[in-house]
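In the block that follows, a single chain appears as structure tokens, in the form predicted alone.
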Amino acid sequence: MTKDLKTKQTQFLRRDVLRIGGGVALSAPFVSRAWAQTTEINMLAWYGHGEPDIVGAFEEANNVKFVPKYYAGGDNMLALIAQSPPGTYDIILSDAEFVQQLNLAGYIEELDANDYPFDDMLHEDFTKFPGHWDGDTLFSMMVRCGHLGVSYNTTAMSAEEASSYNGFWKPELAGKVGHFDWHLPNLGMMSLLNGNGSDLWDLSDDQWSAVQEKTMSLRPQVGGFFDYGGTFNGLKNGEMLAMCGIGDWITGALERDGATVASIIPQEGGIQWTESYCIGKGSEKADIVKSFIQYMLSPEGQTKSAQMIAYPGFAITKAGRAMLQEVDPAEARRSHQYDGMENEPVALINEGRIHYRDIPQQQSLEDWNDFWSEYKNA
């Protein structure tokens, strides 16, 4: 990077942090003001979102402290909110498919769409993402995404074998196939394998029965059901040689440390996970939370998000992707975040190979969860 480019980059970052202040005290970016009382912001999120690599710079600039409560899976998120007094959480990271339920239950505040950079989104779908709006009213702001497919140990499976979900039935993997323990991504993949395509969440009774039957046929291959840490360690230690229900958000973190793992979008298609921020109903800190969401959509915030230590994701803004390519070209290349690359995320969407994760349309979440419990205990 040339000296002039570095200077422009620094000036851009400084202007950007100033711009997103929205009236909040950001006039001295990244300068701690110990004389003022630190404001605590209660966050409900997936693991990693409240860690220093993501929130540290914003905390220092604004004399705030995030107090995260972590969950795994939208069902768990809803349960935690339902069990908490109104106003407990100032900011809620939601999987996109659960935003409508948060809204219907009255758990989140309206957002002003004019506060966010919709004109900078990488894909037109991201500007009015399903479930984030009620008519013309915004309730949740998309901040990152990633793709789910077949995740595997590259010494145990070839890329060709992993190019279909059928690869999980490879005889040599008996007892070495793991599941990330959440029904939606796993059963969504089985639905894709059964040929349901874009209707993978909208299953008739017969189609749902067929998905259950297909899933049960995999049970003899399965060596365990894991949370985030177990999934990560199972692949890292070779305890599991293939994992269903995940993607680069796990294998990418392992790849950065040199593990012999990878993820691929198979021929049947992949599933996009999408994470979005909401302001909790009744929060007294809505202004500073809004500024944090704006920060996470700034080029710097998007770069930090893509590089997240806990699990990587895709930048969703043009400026964010451009900065990632500038400051960390190796990660941008590893995650295919360059135009024209094979398996580039936006191209996969445009080709129809990626389906946005959703909730069951003709069954209830309880139906899917009940079957998942039955499957685990089989």
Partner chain sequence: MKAQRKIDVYALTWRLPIILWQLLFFVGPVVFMIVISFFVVKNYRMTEAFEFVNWERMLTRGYFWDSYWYTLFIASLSATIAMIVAFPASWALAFRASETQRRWAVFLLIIPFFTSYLVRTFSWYVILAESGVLNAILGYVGLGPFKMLNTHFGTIIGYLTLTLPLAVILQTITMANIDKTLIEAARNLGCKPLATIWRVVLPLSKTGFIVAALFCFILAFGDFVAPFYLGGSQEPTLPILILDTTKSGQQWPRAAVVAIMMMATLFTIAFTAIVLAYRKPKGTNA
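Because the structure is a prediction, the values reported are computed rather than measured. Numbering follows the first chain given and starts at 1.
Omitted here: the form predicted together with the partner chain. The next part is about that form.
Just one listed stretch, out of 188-196, 126-134, 238-246, 288-296, contacts the partner chain in the predicted bound form at the 4.5 Å heavy atom level, and that stretch is 238-246. Here is the short version: of Asn233, Asn166, Ser158, Ser204, the single residue with a heavy atom within 4.5 Å of the partner chain in the predicted bound form is Asn233. Note on the partner interface in the predicted bound form: the residue among Ser209, Thr260, Gln267, Asn76 having a heavy atom within 4.5 angstroms of the partner chain is Asn76. Highlighted residues Asn114, Phe314 and Gln325: none comes within 4.5 Å of the partner chain in the predicted bound form, counting any heavy atom. By the criterion of a heavy atom within 4.5 Å, Gln363 is excluded from the residues contacting the partner chain in the predicted bound form.
A residue is said to contact a partner when one of its heavy atoms sits within 4.5 Å of a partner heavy atom; Glu109 fails this definition for the partner chain in the predicted bound form, lying far away. Using a 4.5 angstroms threshold between heavy atoms, Glu213 stays clear of the partner chain in the predicted bound form. In the predicted bound form, the partner chain lies within 4.5 Å of some heavy atom of Gln101. Using a 4.5 Å cut-off on any heavy atom, the residues of 190-223 that reach the partner chain in the predicted bound form are, in sequence order, Arg219, Val222, Gly223.
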